[in-house]
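Just the one chain here, the form predicted alone, laid out as structure tokens.
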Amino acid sequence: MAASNVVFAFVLTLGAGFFALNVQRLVRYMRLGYAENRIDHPLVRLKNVLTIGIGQRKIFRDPIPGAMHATIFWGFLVLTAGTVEILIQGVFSGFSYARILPHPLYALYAASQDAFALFVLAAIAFAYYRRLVLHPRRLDGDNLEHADAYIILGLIGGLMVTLLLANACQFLVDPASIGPEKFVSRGIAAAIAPIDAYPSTPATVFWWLHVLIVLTFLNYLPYSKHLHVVTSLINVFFSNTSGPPQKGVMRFMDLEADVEQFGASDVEHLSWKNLLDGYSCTECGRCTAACPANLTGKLLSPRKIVINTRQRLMEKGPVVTGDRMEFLHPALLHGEGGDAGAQTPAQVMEHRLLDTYISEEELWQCTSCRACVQECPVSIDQLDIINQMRRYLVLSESRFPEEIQPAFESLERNGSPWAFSPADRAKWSEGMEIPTMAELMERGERPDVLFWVGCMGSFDDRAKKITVAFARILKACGINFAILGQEEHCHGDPARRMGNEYLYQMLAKDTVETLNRYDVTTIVTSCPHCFHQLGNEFPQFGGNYEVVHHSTYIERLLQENRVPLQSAEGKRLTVAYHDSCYLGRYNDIYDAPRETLRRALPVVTLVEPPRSRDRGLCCGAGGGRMFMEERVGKRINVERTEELLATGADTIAVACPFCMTMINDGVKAKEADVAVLDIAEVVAGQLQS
């Protein structure tokens, strides 16, 4: 082994060793979070890695910057193979993939190295232009954040330039060593010097520069927000945000566990996966750009929530684990909000994630719409952190907006967020001859489906019209169905979203007991919140049912030609459909409501607002916001209504009673002469008399 090989082996060992120490440090910090199982459903997780991680499916939701980032990412994947070859060559000079790969495969590999080096350089140039000239709002940050981005882009650019120049200079020294596959390197060689009598020193210098930049880049990552280069694929694998059965399901809380507190006020109360999310955040701002609270002038920024979590971990981790704080890079301690100026361990321990970094006001502004989760290209679950901190506020400190106290009290006393008498729950059905489950049981009969009406559908005057319309459709189709009547009460979803897990579990367990007593197997409901809760979250308590939203159920009936419709001739409507968050982003139901409208009204013209389907803008009612005042910024429902009105539609269709209330209020606020109808009302209006 030559002296140069020994020197290289020493440098490589030093660089790899320091990186390994940093990885161990970050893993120690991450272990401050509590344990949870994230290795279930491995095929779903592997699919997410292939499609979201490697395929970059989410990054292309923003096509132009998406192509830029994907090019850099794919370039890394391809060029990593070349980096491994270079590092092995540094220790064993004669090593080459050409000796172990068939020539066609090696030729493809060699061509890919040059081609992707060129592609990545072009992507980096555009990245600099975008940051320095275009200034996208979602990339706003402090000077340290921008400096960090420029350093990373510079290092990546340096890797590409030194790789190409090293190959070009090597070609000038020994043309036989660089094949025609490396067309970019040979082109550079032709441009920089004549082939004969070229010295070998520049090739060696560029080769060493390339290697040193590789090791510098590797060891800078643990101190940079670009740590996601290492952690993103891992984070996607362990995520529960992008597929069944856990998508959109709030984590279970064991209220009988022997713990000091419920919910999260600091990083050690979050799971290790929440902390890994912090490591994986690219700070791209896509989550905040899609957040309905933020875009209407409120404080909440999902990006800030995740960054603050990482900042607090980097502040507290060294103290708890005994690491020296001097090793921390300031880019991880400073950023959006928070006070990271503590210098002593005592000062650090006086801080906490809640209040020091994240305010109570931010947490209560969330509508739980999952737009942030949907947009994140590395499958971060910002909403999970918000929900856990809300639980702490309510269960441990009784801190919540005063206007939701009546909702909590009414849920506990009346089984509804509103102070209506439980005896009035089935009043909407008077004269319709709809049986209750109890009545059918007395007769020894069983319905095909249980119609879960919900609190809005039972008590709200506007929503009751939706309930009646859907019941009329079921009766017209000859569906054998029943309701619970006075035995139905709120399943607790509003309480869970507002952090009151104790009240939620009390209501949920009682509902499961009622449903299981009647051996209910199939449930249909017109409320997406009820649909999600009964179908996706009740299995946590032994409630396993087939739950169908009324949009899907009606669409099936129409497809089977079971709905007796009158002719729609002459009844031309231009309809804009508003996507419900709990129907769409939580459960991927986008087509059924639209197909229902098309089938019920063959001459209908469906128009889409700019933000629709999985990009749809929340109405503002989710996450318990239905029961809170909106005091800061523009009202979310008005923002959404303006979008819908701008389509020129004469009718706005919804498929959620919460959305009905919010969009109706928005239309009234804008004094627009536009009808707001649930899809069930549209279909019921076409029934043969």
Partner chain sequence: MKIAVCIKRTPDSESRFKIAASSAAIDEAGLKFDIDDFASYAVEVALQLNEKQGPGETVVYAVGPDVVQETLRKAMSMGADRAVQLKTDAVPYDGLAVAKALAAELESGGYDLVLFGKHAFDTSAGIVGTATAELLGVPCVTAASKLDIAGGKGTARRELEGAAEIVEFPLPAVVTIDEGIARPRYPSLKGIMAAKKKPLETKPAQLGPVRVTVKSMELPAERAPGRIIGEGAAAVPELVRLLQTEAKVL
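Positions refer to the first chain, counted from 1. Treat the numbers as computed from the prediction; the structure is a model and nothing was measured.
The following text describes the form predicted in complex with the partner chain, which does not appear among the structures shown.
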Contact label in the model of the complex: Pro610 to the partner chain, heavy atom within 4.5 Å: no
Non-hydrogen atom contact His135 with the partner chain in the model of the complex at 4.5 angstroms: no
Contact of Leu255 with the partner chain in the model of the complex (heavy atom, 4.5 Å): yes
Touches the partner chain in the model of the complex: Leu395 (any heavy atom, 4.5 Å): yes
Full three-residue contact with the partner chain in the model of the complex, heavy atom 4.5 Å, for Gln405, Asp424 and Leu503: yes
Listed range touching the partner chain, judged in the model of the complex by heavy atoms within 4.5 Å, from 83-91, 243-251, 291-299, 494-502: 494-502
Interface residue in the model of the complex among Ser359, Asn414, Ser429, Thr231, criterion: non-hydrogen atom within 4.5 angstroms of the partner chain: Asn414
Listed residue (Ala419, Ala125, Leu212, Ala147) with a non-hydrogen atom within 4.5 angstroms of the partner chain in the model of the complex: Ala419
Contacts with the partner chain in the model of the complex, stretch 262-299 (heavy atom within 4.5 Å): Phe262
